[in-house]
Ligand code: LLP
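Coming up is one lone chain in structure tokens, specifically the form predicted alone.
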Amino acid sequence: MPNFSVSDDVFVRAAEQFPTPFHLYDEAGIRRTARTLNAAFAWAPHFQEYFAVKALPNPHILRIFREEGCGADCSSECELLLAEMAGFSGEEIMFSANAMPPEEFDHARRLNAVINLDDISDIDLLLAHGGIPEVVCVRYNPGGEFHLGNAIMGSPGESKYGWTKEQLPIGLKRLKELGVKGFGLHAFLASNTTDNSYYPRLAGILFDLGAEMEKACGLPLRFVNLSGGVGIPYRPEEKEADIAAIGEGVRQEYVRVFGANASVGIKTELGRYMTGPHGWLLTHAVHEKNIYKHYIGVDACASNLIRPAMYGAYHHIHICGKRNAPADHVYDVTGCLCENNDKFAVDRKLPKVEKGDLLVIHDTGAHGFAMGYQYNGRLRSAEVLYTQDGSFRLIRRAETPEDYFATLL
């Protein structure tokens, strides 16, 4: 079910204090999820969750994760700067290369971040920009399709990321010649899956491959990074992932390949799972239109949450004070952009919506604000933290027209 751990009273009080639209994040929920994840992998040597900064790039949120023992997964210079701002340094940061400007390697090496190389050609790039550290992670792409049972969960062969298996021994031997003392292995094969078998299946692939490469190259495997991919149930009928069962499944694969007393570390790079259910976009109904369809216009738009427009993604919506009212009206819930895909919901059954009603759009805590933009001159919204003590804290103000024009010369 969508996250109803926060009462309507909280949403109403927040909307009384801050003008809509804005994203609201639940600190207690974020901390609870971080602790649950750490408990699920407490068995794992050197376990480290590197929160995917791209999911919710706000230093206030990153500091919460650092306090909970998590690191930061970065893939750009600005994300490195955010991680620094939040107090991360050294091996608390994983830097994943992806066709990036060379100077970003320099920055990551100055921070002594763990480097994750996306392509074999990145070896020479890293050598010239910051130098080769003693431990380097490499990203693997098996090609083809990734299956769980009879279901196709992803198509790595269509993905721009990672090394082929044939490139791995060549690149690892070169890294060894350049002074590398150990390597990590990383892969991302499926997105937003709540199937509890995904991580264990991925872990088995990487554990087997890591053991094979260790023998082939004479380099010790220091860690395996299972990356992200564990998802959340956006739709009411979907089940959430059982992270404890997932952790146990990974443990069984670990023991199968390495034995119970091995020291190979386990890392994760979860984003959506960590913050997605703990964020909501709050918006007021401001317009009603009846033509060929019944439309409710709200004061938010795709600039605040683009996933429905970009992917046709489902986000649950409820109306404050009407959770238990019959959903006997059918609406398209729309924003004000001059694009027909600026819709948060299409043919959605809801209780009757009145102008002024407060609508809560669920599961926006990951890739919500982060994917915002300024098309049509519509500006990005504020971000508000609902703190553990029950108060609200503005952690990013809404943009103003002055911000919109600030970069013009």
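Computed from a predicted structure; not experimentally measured. Quick note: we count residues from 1 along the sequence shown, nothing fancier.
We do not show the form predicted in complex with this ligand, though everything after this point is about it.
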Query - Answer option from 267, 272, 318, 278, heavy atom within 4.5 Å of this ligand in the predicted bound form - result: 272
Query raised in the report: Taking this ligand in the predicted bound form as the reference, which of 210, 229, 335, 247 has a non-hydrogen atom within 4.5 Å?
Result: 229
Requested in this report: Report yes if any heavy atom of residue 371 sits within 4.5 Å of a heavy atom of this ligand in the predicted bound form; otherwise report no.
Outcome: yes
Query raised in the report: Is residue 304 one of the residues lying within 4.5 Å of this ligand in the predicted bound form, judged by heavy atom distances?
Result: no
**Report entry** Contact flag, residue 188 vs this ligand in the predicted bound form, heavy atom cut 4.5 Å
**Finding:** yes
Query raised in the report: residue 311: heavy atom within 4.5 Å of this ligand in the predicted bound form?
Result: yes
Query - One stretch from 33 to 41, 49 to 57, 353 to 361, 337 to 345 that, in the predicted bound form, holds residues within 4.5 Å of this ligand by heavy atom - result: 49 to 57
Query raised in the report: Out of 78 to 115, which residues reach within 4.5 Å of this ligand in the predicted bound form, heavy atoms considered?
Result: 96
